[in-house]
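First, one chain by itself in C-alpha coordinates, the form predicted on its own.
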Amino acid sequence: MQLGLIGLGKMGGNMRDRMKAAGIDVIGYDTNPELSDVKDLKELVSKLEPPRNVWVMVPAGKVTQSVIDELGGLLDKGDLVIDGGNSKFTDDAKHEKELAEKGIEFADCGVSGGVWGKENGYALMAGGSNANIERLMPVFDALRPEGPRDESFCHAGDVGAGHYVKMVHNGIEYGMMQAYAEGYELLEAKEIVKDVPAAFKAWTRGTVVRSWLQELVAAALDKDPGLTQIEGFVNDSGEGRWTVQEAVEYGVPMPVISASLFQRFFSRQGTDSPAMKAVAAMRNEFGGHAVTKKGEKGVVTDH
(Lines give C-alpha, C1' and ligand atoms only; values in the text may rest on other atoms or scores of the structure.)
Protein backbone atom coordinates (compact mmCIF):
# COMPACT_ATOMS: atom_id res chain seq x y z
CA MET A 1 0.00 0.00 0.00
CA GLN A 2 1.10 3.56 -0.70
CA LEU A 3 0.46 6.61 1.49
CA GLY A 4 1.33 10.28 1.33
CA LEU A 5 2.09 11.71 4.78
CA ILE A 6 2.12 15.46 5.36
CA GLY A 7 3.82 16.60 8.56
CA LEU A 8 6.91 14.77 9.83
CA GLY A 9 7.30 16.30 13.28
CA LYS A 10 7.46 14.50 16.64
CA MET A 11 4.55 12.21 15.85
CA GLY A 12 4.43 12.26 12.06
CA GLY A 13 8.06 11.26 11.68
CA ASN A 14 7.67 8.34 14.07
CA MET A 15 4.46 7.28 12.32
CA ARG A 16 6.29 7.23 8.99
CA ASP A 17 8.98 4.97 10.46
CA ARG A 18 6.42 2.59 11.97
CA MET A 19 4.42 2.34 8.73
CA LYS A 20 7.54 1.78 6.64
CA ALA A 21 8.61 -1.00 9.00
CA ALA A 22 5.22 -2.63 8.32
CA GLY A 23 5.79 -2.55 4.56
CA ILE A 24 3.76 0.52 3.62
CA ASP A 25 5.30 2.73 0.94
CA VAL A 26 5.21 6.14 2.66
CA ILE A 27 6.12 9.32 0.82
CA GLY A 28 6.45 12.14 3.31
CA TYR A 29 6.38 15.91 3.02
CA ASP A 30 7.44 18.44 5.62
CA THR A 31 8.30 22.12 5.45
CA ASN A 32 11.70 21.10 6.84
CA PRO A 33 13.58 19.88 3.74
CA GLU A 34 15.87 17.73 5.88
CA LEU A 35 12.87 15.58 6.83
CA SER A 36 10.97 15.64 3.56
CA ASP A 37 10.99 13.09 0.73
CA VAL A 38 9.67 15.67 -1.76
CA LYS A 39 10.04 19.41 -2.26
CA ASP A 40 6.34 20.30 -2.14
CA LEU A 41 2.79 18.93 -2.14
CA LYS A 42 2.62 18.95 -5.92
CA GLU A 43 5.57 16.56 -6.11
CA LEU A 44 4.05 14.44 -3.33
CA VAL A 45 0.82 14.00 -5.28
CA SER A 46 2.71 13.24 -8.50
CA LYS A 47 4.54 10.36 -6.82
CA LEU A 48 1.36 8.71 -5.55
CA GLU A 49 -0.53 6.27 -7.74
CA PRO A 50 -4.29 6.89 -7.98
CA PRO A 51 -6.52 6.42 -6.18
CA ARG A 52 -4.29 8.27 -3.73
CA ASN A 53 -4.37 8.19 0.07
CA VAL A 54 -2.98 11.26 1.85
CA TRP A 55 -2.66 11.51 5.65
CA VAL A 56 -2.44 15.06 7.06
CA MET A 57 -0.53 15.34 10.35
CA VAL A 58 -0.08 19.06 10.96
CA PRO A 59 -1.22 21.54 13.65
CA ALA A 60 -4.97 22.08 13.88
CA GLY A 61 -6.67 25.19 12.60
CA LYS A 62 -5.17 27.47 9.98
CA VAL A 63 -2.30 25.14 9.07
CA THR A 64 -4.61 22.18 8.49
CA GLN A 65 -7.03 24.35 6.50
CA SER A 66 -4.18 25.58 4.30
CA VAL A 67 -3.08 22.02 3.55
CA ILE A 68 -6.66 20.89 2.83
CA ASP A 69 -7.12 23.83 0.47
CA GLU A 70 -3.93 23.02 -1.44
CA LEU A 71 -4.72 19.31 -1.66
CA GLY A 72 -8.16 20.18 -3.02
CA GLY A 73 -6.47 21.74 -6.02
CA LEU A 74 -4.02 18.88 -6.58
CA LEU A 75 -5.91 15.65 -5.96
CA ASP A 76 -8.36 13.89 -8.27
CA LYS A 77 -11.78 12.35 -7.92
CA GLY A 78 -11.61 9.17 -5.84
CA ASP A 79 -8.53 10.22 -3.86
CA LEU A 80 -8.81 10.15 -0.08
CA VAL A 81 -7.60 12.65 2.53
CA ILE A 82 -7.46 11.71 6.21
CA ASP A 83 -6.84 14.30 8.91
CA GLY A 84 -4.92 12.65 11.74
CA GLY A 85 -4.05 15.82 13.66
CA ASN A 86 -5.84 17.27 16.66
CA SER A 87 -8.44 19.17 14.64
CA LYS A 88 -11.71 20.22 16.23
CA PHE A 89 -14.46 17.82 15.15
CA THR A 90 -16.52 20.67 13.70
CA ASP A 91 -13.77 21.34 11.16
CA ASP A 92 -14.14 17.82 9.76
CA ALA A 93 -17.61 18.39 8.32
CA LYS A 94 -16.36 21.55 6.63
CA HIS A 95 -13.36 19.77 5.12
CA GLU A 96 -15.50 16.85 3.99
CA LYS A 97 -17.88 19.20 2.19
CA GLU A 98 -15.08 21.22 0.56
CA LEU A 99 -13.35 18.12 -0.79
CA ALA A 100 -16.59 16.37 -1.79
CA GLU A 101 -17.31 19.20 -4.21
CA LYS A 102 -14.25 17.99 -6.12
CA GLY A 103 -15.02 14.29 -5.74
CA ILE A 104 -12.32 13.78 -3.11
CA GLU A 105 -13.07 11.54 -0.14
CA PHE A 106 -12.38 12.53 3.49
CA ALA A 107 -11.97 10.79 6.83
CA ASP A 108 -10.65 11.81 10.25
CA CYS A 109 -8.64 10.01 12.89
CA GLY A 110 -7.70 10.86 16.45
CA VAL A 111 -4.25 9.52 17.29
CA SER A 112 -2.91 8.88 20.80
CA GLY A 113 0.52 7.59 21.69
CA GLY A 114 2.77 10.62 21.80
CA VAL A 115 6.48 10.29 21.24
CA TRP A 116 6.33 6.65 22.37
CA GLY A 117 4.08 5.53 19.52
CA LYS A 118 6.86 4.44 17.20
CA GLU A 119 7.86 1.73 19.66
CA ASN A 120 4.57 0.98 21.39
CA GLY A 121 2.03 1.72 18.67
CA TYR A 122 -0.82 4.24 18.57
CA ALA A 123 -4.43 4.15 19.69
CA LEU A 124 -6.62 5.23 16.78
CA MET A 125 -10.15 6.63 16.68
CA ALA A 126 -11.50 7.00 13.13
CA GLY A 127 -14.50 8.74 11.62
CA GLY A 128 -15.83 8.33 8.08
CA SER A 129 -17.69 6.01 5.75
CA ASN A 130 -17.32 2.25 6.07
CA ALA A 131 -15.68 2.11 2.65
CA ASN A 132 -13.07 4.74 3.42
CA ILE A 133 -12.17 3.29 6.81
CA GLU A 134 -11.82 -0.18 5.30
CA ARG A 135 -9.65 1.28 2.56
CA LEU A 136 -7.27 2.66 5.21
CA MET A 137 -7.26 -0.44 7.42
CA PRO A 138 -3.74 -1.53 6.41
CA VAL A 139 -2.51 1.86 7.64
CA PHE A 140 -4.41 1.59 10.91
CA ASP A 141 -3.12 -1.94 11.47
CA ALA A 142 0.46 -0.79 10.84
CA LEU A 143 0.15 2.05 13.36
CA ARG A 144 -1.70 0.34 16.20
CA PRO A 145 -0.07 -1.94 18.80
CA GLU A 146 0.00 -5.70 18.32
CA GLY A 147 -2.99 -7.56 19.69
CA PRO A 148 -6.76 -7.46 19.14
CA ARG A 149 -7.72 -4.61 16.82
CA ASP A 150 -10.63 -3.49 18.98
CA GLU A 151 -8.28 -2.83 21.91
CA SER A 152 -6.45 -0.04 20.06
CA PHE A 153 -8.67 0.95 17.13
CA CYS A 154 -12.28 2.00 16.72
CA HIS A 155 -14.37 3.19 13.81
CA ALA A 156 -16.23 5.67 15.99
CA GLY A 157 -18.84 6.77 13.46
CA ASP A 158 -19.37 9.36 10.76
CA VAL A 159 -16.86 12.02 9.74
CA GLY A 160 -15.91 13.99 12.86
CA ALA A 161 -16.56 11.11 15.26
CA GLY A 162 -12.91 10.14 15.43
CA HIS A 163 -11.79 13.58 16.51
CA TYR A 164 -14.74 13.82 18.91
CA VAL A 165 -13.71 10.61 20.68
CA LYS A 166 -10.09 11.83 20.81
CA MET A 167 -11.30 15.13 22.27
CA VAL A 168 -13.08 13.33 25.11
CA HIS A 169 -10.03 11.08 25.56
CA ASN A 170 -7.89 14.18 26.09
CA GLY A 171 -10.43 15.68 28.48
CA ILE A 172 -10.26 12.50 30.60
CA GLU A 173 -6.47 12.74 30.39
CA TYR A 174 -6.62 16.25 31.89
CA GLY A 175 -8.55 14.97 34.90
CA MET A 176 -6.28 11.98 35.46
CA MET A 177 -3.15 14.10 35.27
CA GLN A 178 -4.57 16.60 37.75
CA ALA A 179 -5.39 13.84 40.25
CA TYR A 180 -1.85 12.43 40.13
CA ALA A 181 -0.44 15.96 40.39
CA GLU A 182 -2.51 16.85 43.46
CA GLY A 183 -1.47 13.61 45.13
CA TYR A 184 2.15 14.46 44.39
CA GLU A 185 1.79 17.90 45.97
CA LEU A 186 0.24 16.51 49.15
CA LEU A 187 2.99 13.91 49.50
CA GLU A 188 5.59 16.64 49.07
CA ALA A 189 3.90 18.73 51.78
CA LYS A 190 3.83 15.99 54.44
CA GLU A 191 6.92 16.05 56.66
CA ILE A 192 6.90 12.35 57.54
CA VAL A 193 7.09 11.32 53.87
CA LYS A 194 10.78 11.29 53.04
CA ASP A 195 10.83 9.75 49.55
CA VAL A 196 8.03 10.87 47.23
CA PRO A 197 9.63 9.43 44.05
CA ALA A 198 9.71 6.02 45.75
CA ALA A 199 5.98 6.26 46.47
CA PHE A 200 5.11 6.89 42.84
CA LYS A 201 7.44 4.13 41.68
CA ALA A 202 5.85 1.69 44.14
CA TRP A 203 2.46 2.37 42.60
CA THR A 204 3.50 1.00 39.19
CA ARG A 205 2.61 -2.62 40.06
CA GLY A 206 -0.37 -4.07 41.87
CA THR A 207 -2.13 -0.88 42.89
CA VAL A 208 -5.49 0.20 41.47
CA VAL A 209 -4.13 3.66 40.52
CA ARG A 210 -1.39 2.34 38.26
CA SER A 211 -1.43 3.63 34.69
CA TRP A 212 0.92 4.84 31.98
CA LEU A 213 0.48 8.42 33.19
CA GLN A 214 1.40 7.35 36.72
CA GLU A 215 4.49 5.60 35.35
CA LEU A 216 5.45 8.82 33.59
CA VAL A 217 5.23 10.75 36.87
CA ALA A 218 7.58 8.18 38.38
CA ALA A 219 9.93 8.55 35.40
CA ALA A 220 9.95 12.34 35.69
CA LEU A 221 10.66 12.15 39.43
CA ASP A 222 13.47 9.71 38.77
CA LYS A 223 15.15 12.31 36.56
CA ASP A 224 14.40 15.30 38.81
CA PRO A 225 13.19 14.13 42.28
CA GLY A 226 11.82 17.50 43.36
CA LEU A 227 10.88 18.74 39.88
CA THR A 228 13.19 21.64 40.70
CA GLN A 229 14.03 22.37 37.07
CA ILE A 230 10.42 22.94 35.95
CA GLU A 231 8.07 25.89 36.38
CA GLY A 232 4.44 25.07 37.16
CA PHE A 233 3.27 26.69 33.91
CA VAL A 234 0.99 24.44 31.86
CA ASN A 235 -0.42 25.02 28.39
CA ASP A 236 -3.43 23.19 26.98
CA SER A 237 -3.91 21.75 23.51
CA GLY A 238 -7.43 23.11 23.17
CA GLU A 239 -9.14 19.72 23.38
CA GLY A 240 -9.88 20.08 27.09
CA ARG A 241 -11.64 23.36 26.33
CA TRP A 242 -13.70 21.77 23.57
CA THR A 243 -14.66 18.90 25.87
CA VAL A 244 -15.95 21.29 28.53
CA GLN A 245 -17.79 23.35 25.91
CA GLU A 246 -19.54 20.20 24.69
CA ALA A 247 -20.44 19.29 28.28
CA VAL A 248 -22.10 22.69 28.67
CA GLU A 249 -23.90 22.27 25.34
CA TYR A 250 -25.34 18.87 26.33
CA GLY A 251 -25.83 19.56 30.04
CA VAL A 252 -23.38 16.83 31.05
CA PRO A 253 -21.91 17.38 34.56
CA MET A 254 -18.13 17.47 34.21
CA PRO A 255 -16.68 18.87 37.47
CA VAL A 256 -13.35 17.00 37.40
CA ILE A 257 -12.37 17.77 33.81
CA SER A 258 -13.58 21.37 34.11
CA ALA A 259 -11.57 21.92 37.29
CA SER A 260 -8.44 20.42 35.73
CA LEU A 261 -8.76 22.78 32.76
CA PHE A 262 -9.17 25.83 35.01
CA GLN A 263 -6.14 24.75 37.03
CA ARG A 264 -4.10 25.03 33.85
CA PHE A 265 -5.36 28.55 33.34
CA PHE A 266 -4.51 29.33 36.97
CA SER A 267 -0.99 27.96 36.50
CA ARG A 268 -0.27 30.74 34.01
CA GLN A 269 -0.79 33.43 36.63
CA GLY A 270 2.53 32.81 38.34
CA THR A 271 1.46 30.39 41.09
CA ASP A 272 4.14 27.74 40.30
CA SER A 273 2.49 25.02 42.40
CA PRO A 274 4.10 21.59 42.83
CA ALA A 275 0.97 20.00 41.34
CA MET A 276 1.25 21.97 38.12
CA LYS A 277 4.95 21.17 37.91
CA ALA A 278 3.90 17.52 37.89
CA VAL A 279 1.34 18.14 35.13
CA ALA A 280 3.97 19.93 33.06
CA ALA A 281 6.37 17.04 33.61
CA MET A 282 3.78 14.47 32.48
CA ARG A 283 3.02 16.42 29.28
CA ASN A 284 6.71 16.48 28.49
CA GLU A 285 7.13 12.77 29.17
CA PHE A 286 4.31 11.46 26.97
CA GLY A 287 4.10 14.06 24.24
CA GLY A 288 7.40 15.89 24.19
CA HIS A 289 5.51 19.10 25.02
CA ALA A 290 7.92 21.86 25.95
CA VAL A 291 8.25 22.71 29.64
CA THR A 292 9.04 26.12 31.05
CA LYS A 293 12.34 25.68 32.82
CA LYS A 294 13.10 27.28 36.15
CA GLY A 295 13.69 30.97 35.67
CA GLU A 296 12.08 31.14 32.22
CA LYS A 297 8.89 33.02 31.46
CA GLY A 298 6.08 30.82 30.24
CA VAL A 299 4.42 31.62 26.93
CA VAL A 300 0.85 30.57 26.15
CA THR A 301 0.73 28.64 22.86
CA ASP A 302 -2.04 28.74 20.26
CA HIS A 303 -4.85 26.17 20.58
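Whichever C-alpha set is largest while still superposing within 1.5 Å between the two forms counts as the rigid core. Because the structure is a prediction, the values reported are computed rather than measured. Residue positions are given as counts along the sequence shown, with the first one as 1.
The protein also exists as the form predicted together with another copy of the chain; that form is not presented, and the subsequent description refers to it.
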property	result
Output flag, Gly113, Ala123 and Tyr164 jointly within 4.5 Å of another copy of the chain in the model of the complex, heavy atom basis	yes
One residue of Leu48, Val256, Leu41, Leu35 in contact with another copy of the chain, assessed in the model of the complex (non-hydrogen atom, 4.5 angstroms)	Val256
Listed residue (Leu74, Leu99, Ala179, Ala219) with a non-hydrogen atom within 4.5 angstroms of another copy of the chain in the model of the complex	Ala179
Partner contact for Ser152 in the model of the complex: another copy of the chain, 4.5 angstroms, heavy atom	yes
Partner contact for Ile27 in the model of the complex: another copy of the chain, 4.5 angstroms, heavy atom	no
Close approach of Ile172 to another copy of the chain in the model of the complex, 4.5 Å, heavy atom	yes
Partner contact for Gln229 in the model of the complex: another copy of the chain, 4.5 angstroms, heavy atom	no
Candidate stretches 49-57, 65-73, 242-250, 27-35 - the one whose heavy atoms come within 4.5 Å of another copy of the chain in the model of the complex	242-250
Within 4.5 Å of another copy of the chain in the model of the complex: residues from 128-164 (heavy atom criterion)	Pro145, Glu146, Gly147, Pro148, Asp150, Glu151, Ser152, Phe153, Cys154, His155, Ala156, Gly157, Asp158, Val159, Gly160, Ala161, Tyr164
Cα displacement of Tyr122 between the shown form and the other one reaching 2 Å, rigid core superposed	no
Core-aligned CA displacement of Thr90 at least 2 Å between the shown form and the other one	no
